[in-house]
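In structure tokens, one chain follows: the form predicted on its own.
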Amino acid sequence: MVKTIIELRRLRKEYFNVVALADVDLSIPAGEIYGLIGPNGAGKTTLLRMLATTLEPTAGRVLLEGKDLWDDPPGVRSVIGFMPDFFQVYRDLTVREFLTFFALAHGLRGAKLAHRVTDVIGLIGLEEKADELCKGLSRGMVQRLGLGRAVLHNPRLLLLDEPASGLDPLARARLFAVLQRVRAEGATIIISSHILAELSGLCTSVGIMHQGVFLESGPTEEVIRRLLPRRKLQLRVLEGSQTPAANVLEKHENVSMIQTDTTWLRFEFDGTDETVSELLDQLIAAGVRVVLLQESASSLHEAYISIAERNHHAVHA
């Protein structure tokens, strides 16, 4: 049985007359990389700050491994790492001095402190910068240093608010590689980001938020399939087979949105694997010389756009 690390029970946060989080119920299994997705104002940062015990809820409870966060906030913080969307480094300290300062704050001392700082410098890939001043680091290196600070005490839960904001593709890839290593060492990670392409490959589960509520939550592939149930198929045929192939597709009740070029036919399909197999039999029976029939995976970005548009139309209907 998979262990639940975080459970939200009717969690609510109000700022005067604005509801930032609206009575949310949610469970996140241990070992996940859980992505929070949504526009600005959806409640992502509010939720992360409450999980980090830097913001008290208006109502409801947050349970970490079955224990209420607000029964012992200092004790909870010893097993949580938090990297906010905006943070500062001490520019006139070296990378090693910066991490040593925060390791001391976490109670590390002596050989254990030195070993952990060295390990974290290796984890975030800053060995060559270890004894250089923080003010000389690039934006990507600063983000990795912030992540290093958040994992110094080996937290069981790591909370990251837009950690890849402003990074170029290479810097994002390096940052996400570090996150995979942190997860492999036993941490559960909750991350908010607008960069959906990277989240799709990084996150094992996602939650889509809008105006303080979760519209969807679950394993990434399951969420995509629920939001985009119609499969995207591509059919490649030999020259001369395009017309009979198009005729078969146009008559099939499960086929829609057909697009064609010289040798490829692309279409959406509402059916099971068995129905796809039946379609292939029909194509061959019609004399279509099939080279390849394959499915294109829908993206997290497409799924998010789909639910965002549906929600927009529902609100303005």
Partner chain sequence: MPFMHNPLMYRGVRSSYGRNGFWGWMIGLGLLLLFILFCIHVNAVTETEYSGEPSLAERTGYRFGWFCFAVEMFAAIVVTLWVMSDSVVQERKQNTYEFLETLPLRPSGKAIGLLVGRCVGILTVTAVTGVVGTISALIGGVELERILWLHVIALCGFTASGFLGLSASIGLGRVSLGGLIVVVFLVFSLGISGALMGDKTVILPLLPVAPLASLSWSLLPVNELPAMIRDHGAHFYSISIPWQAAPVILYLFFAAVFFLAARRGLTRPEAPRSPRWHGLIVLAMFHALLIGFIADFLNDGGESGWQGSDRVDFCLLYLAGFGGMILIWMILHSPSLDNLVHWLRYRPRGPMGSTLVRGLFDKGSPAWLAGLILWAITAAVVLTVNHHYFHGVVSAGALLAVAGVWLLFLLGYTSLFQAGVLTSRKSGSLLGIVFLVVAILAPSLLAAVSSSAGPLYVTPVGMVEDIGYLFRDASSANTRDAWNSLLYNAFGGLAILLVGQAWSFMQLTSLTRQVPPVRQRQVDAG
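By rigid core we mean the largest C-alpha set that fits within 1.5 Å across both forms. Because the structure is a prediction, the values reported are computed rather than measured. Residue numbers count along the first chain shown, from 1.
As for the form predicted in complex with its partner chain, it is not shown, yet the points below apply to it.
Using a 4.5 Å cutoff between non-hydrogen atoms, Val89 counts as a contact of its partner chain in the predicted bound form. The closest non-hydrogen atom of Arg49 lies within 4.5 Å of its partner chain in the predicted bound form. Not displayed here, its partner chain is kept clear of Glu302 by more than 4.5 Å at the level of heavy atoms in the predicted bound form. Taking the partner from the other structure, its partner chain in the predicted bound form has no heavy atom within 4.5 Å of any heavy atom of Pro155. Across the options 228-236, 120-128, 207-215, 174-182, residues that bring heavy atoms within 4.5 Å of its partner chain in the predicted bound form belong to 207-215. Taken together, the three residues Ala22, Thr54 and Arg310 all come within 4.5 Å of its partner chain in the predicted bound form, as judged by their closest heavy atom.
Checking Gln282, Thr260, Thr58, Thr275 against its partner chain in the predicted bound form, a heavy atom within 4.5 Å turns up for just one residue: Thr58. With the partner omitted from this view, the residue of Ala114, Ala246, Ile195, Leu93 that lies near its partner chain in the predicted bound form is Leu93 [heavy atom within 4.5 Å]. Counting a residue when any of its non-hydrogen atoms is within 4.5 Å of its partner chain in the predicted bound form, the hits in 100-127 run Thr100, Phe101, Phe102, Leu104, Ala105, His106, Arg109. In a rigid-core overlay of the protein, Arg91 has its C-alpha displaced by at least 2 Å between this form and the one not shown. Taking the rigid core as fixed, one finds a CA shift for Arg139 of 2 Å or more between this form and the one not shown.
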